[in-house]
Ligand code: RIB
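There is one chain below, alone, in structure tokens, taken in the form predicted alone.
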């Protein structure tokens, strides 16, 4: 039987080379700590999410910028092997984006990002992708790129009636909430508190309309994920694991969520897939190496359901 074609998802975002240092504990302000070694891996929120969606079987077009250095060439080839459409990836003069990541013995991390080629994802560059965005089933993006470019992409999607999934990370205090429409906003708990100015989920629900957000998804680590609309708050259980490395877990969540949501899966069921995949991704080091494929997530969900 022929496989049903999957909906096309446009993902706008960053591509970085991750330099990962393993430390016993994360440094406090002014503290110097020793690392056991440094690893070089593919990362960046946009590329991480694109790979996660592609591994769920989605047709993914990644919109972004790579440098004309060896890292940029290697990254493009890597994404092609993963089945990501790279026709909207521009090559620009200079270095590919870089992230310096420290990971402690508990798998927690601190990250410093150098934009590099990601800075070339300007408003004119985004406008050149108008047709690509307009024909997509969904647009997924993050804020690890110039803010004006992200907002312009959202406006293009709004005009074309393409639903927007925004993982508003890293948080930007100057994001123009209420000026653009967000169909699904994905944040972790500290980010949600920062955006909504409250730690109370009931207040988050009441403030959605003012920010022109239809649905809010708040991840809470090992606790249940909250799915909030203007009329309801639902909890979706997290999948229990002992993490090795949490780098990229949030990106796995976003990419897997959008892959299933684009298929027409109900939002809470799509979150269930995303919770499980994100937990599984923490069992291996790196932002992409641990991202599970669809069949592996399905097997884990089936085992969990049978054990319940």
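Numbering follows the first chain given and starts at 1. As the structure is a computational prediction, the values presented were derived from the model and not from experiment.
This protein has a second form, the form predicted in complex with the ligand, left out of what is shown; the following refers to that one.
In short, of 39-47, 24-32, 59-67, 267-275 it is 39-47 that has heavy atoms within 4.5 Å of the ligand in the predicted bound form.
Site annotation in the predicted bound form: the residue of 99, 165, 89, 151 reaching within 4.5 Å of the ligand with a heavy atom is 99. Of the listed positions (236, 194, 115, 111), a single one reaches within 4.5 angstroms of the ligand by any non-hydrogen atom in the predicted bound form, namely 111. None of the heavy atoms of residue 256 is located within 4.5 Å of the ligand in the predicted bound form. At a distance threshold of 4.5 angstroms between non-hydrogen atoms, residue 247 is in contact with the ligand in the predicted bound form.
Taking a 4.5 Å heavy atom cutoff to the ligand in the predicted bound form, the one contacting residue in 137-163 is 144.
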